[in-house]
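Let's start with one chain on its own, the form predicted on its own, as structure tokens.
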Amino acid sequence: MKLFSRITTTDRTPIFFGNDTFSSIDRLVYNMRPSDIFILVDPNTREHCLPHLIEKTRCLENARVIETGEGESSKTLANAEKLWNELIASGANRSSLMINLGGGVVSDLGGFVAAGYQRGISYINIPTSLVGQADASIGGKTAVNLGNIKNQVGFFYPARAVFIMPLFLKTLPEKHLRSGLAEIIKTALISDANLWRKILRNPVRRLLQKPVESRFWFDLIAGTVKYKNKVVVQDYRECKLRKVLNFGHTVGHALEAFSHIRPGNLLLHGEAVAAGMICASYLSHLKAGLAVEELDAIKTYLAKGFPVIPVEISSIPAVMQLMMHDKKEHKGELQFTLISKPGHPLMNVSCENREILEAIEFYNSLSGNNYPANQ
């Protein structure tokens, strides 16, 4: 099936969507005329995605490949410094171009490195994970983690273009597809009640069995991208409306960061966001009037489709402390994006610690759902 479209997003970054966009990469790079080209990869994209990209694009035949580690642990200032030193050693200058070929970690880190090198060089994102295609590569946010705090240091620095090719999703293990699906579910819950109902009729396991090159996945990703871009156009620097995209992320980021501190149950980004959405839905019931029937539907769907890993009582203070370092904290209060019903978000809702603890207890109570065998 030939699927192609170009989605014009912000005034800064065009997005090309489809499996036949390689010629568009050639045209864009030819018109940019960079002095040299660097492709940032991780071990997985170097093996599974880079050969296909080089084969299909004439402009990248002589590009230099630089590699970072995989996973959230790679998003550090130390790793950024290592990549800056590699660029210096290779003679990169302000006319150089960086192409980030990978998931959300690669696009976050690569964009950060591009933004900082010689006060900014051009970069292009080619996301290869579902998290990257549906969320992380879009919108010009670049960041690295600082200590145990996620995305604490970064820039708003737009890519010259983003190329989303669903064919790269074939290289992903199921757990990474599942992780990316959480961002699609988030977008449905804050933007489109009809899309949420459509997802609700398809359990996570059934969704993951659909071919990634199918029209179903194409429509899910395209709809998510279009909504995010609509938000970014109106609020590029996340002063007001863009905060709507934080649904599930206040608790989710803290759980994700904490899982990297404690050995054992390491959470992928989407797994943590799914947990965060359950907590945010509970808070929505408390604070925003979300009907109990809607809360039950959301928590049941997510608890059956994603791992429920209880937050130990002894760990809760550390998780709460991580939340207080989050960018969504304001004057000592944690502010959440909640929903009054699917498709109707509310931003900057302050929640007391007592209410957040109740939400975590609510999440913990779902640990007997036997993920994911009951789907």
Ligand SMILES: NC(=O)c1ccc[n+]([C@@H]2O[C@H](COP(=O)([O-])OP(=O)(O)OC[C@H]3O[C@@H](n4cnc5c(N)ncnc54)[C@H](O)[C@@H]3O)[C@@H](O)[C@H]2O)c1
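In this text, residue numbers run from 1 along the sequence as written. Keep in mind it's a predicted model, so treat the numbers as computed, not measured.
Beyond what is shown, the protein has a form predicted in complex with the ligand; the following relates to that form.
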Notebook entry, point to check: Quick one: is L87 in contact with the ligand in the predicted bound form, heavy atoms, 4.5 Å cut-off?
Noted result: no
Next item on the list: Give a yes/no on whether Y282 approaches the ligand to within 4.5 Å in the predicted bound form, heavy atoms considered.
Entry: no
Next item on the list: Answer yes if any heavy atom of L172 is within 4.5 Å of a heavy atom of the ligand in the predicted bound form; otherwise answer no.
Entry: yes
Margin query: Check T337 for me: does it contact the ligand in the predicted bound form (non-hydrogen atoms, 4.5 angstroms)?
Written below: no
Notebook entry, point to check: Mind checking whether each of G103, V131 and A136 has a heavy atom within 4.5 Å of the ligand in the predicted bound form?
Noted result: yes
Item checked: Proximity to the ligand in the predicted bound form, single hit among V29, V311, I39, C49 (heavy atom within 4.5 Å) -> C49
Notebook entry, point to check: Which one of these stretches, 90-98, 104-112, 212-220, 294-302, sits within 4.5 Å of the ligand in the predicted bound form when only heavy atoms are counted?
Noted result: 104-112
Next item on the list: Just give me the residues of 60-74, first to last, that have a heavy atom within 4.5 Å of the ligand in the predicted bound form.
Entry: E70, G71, E72
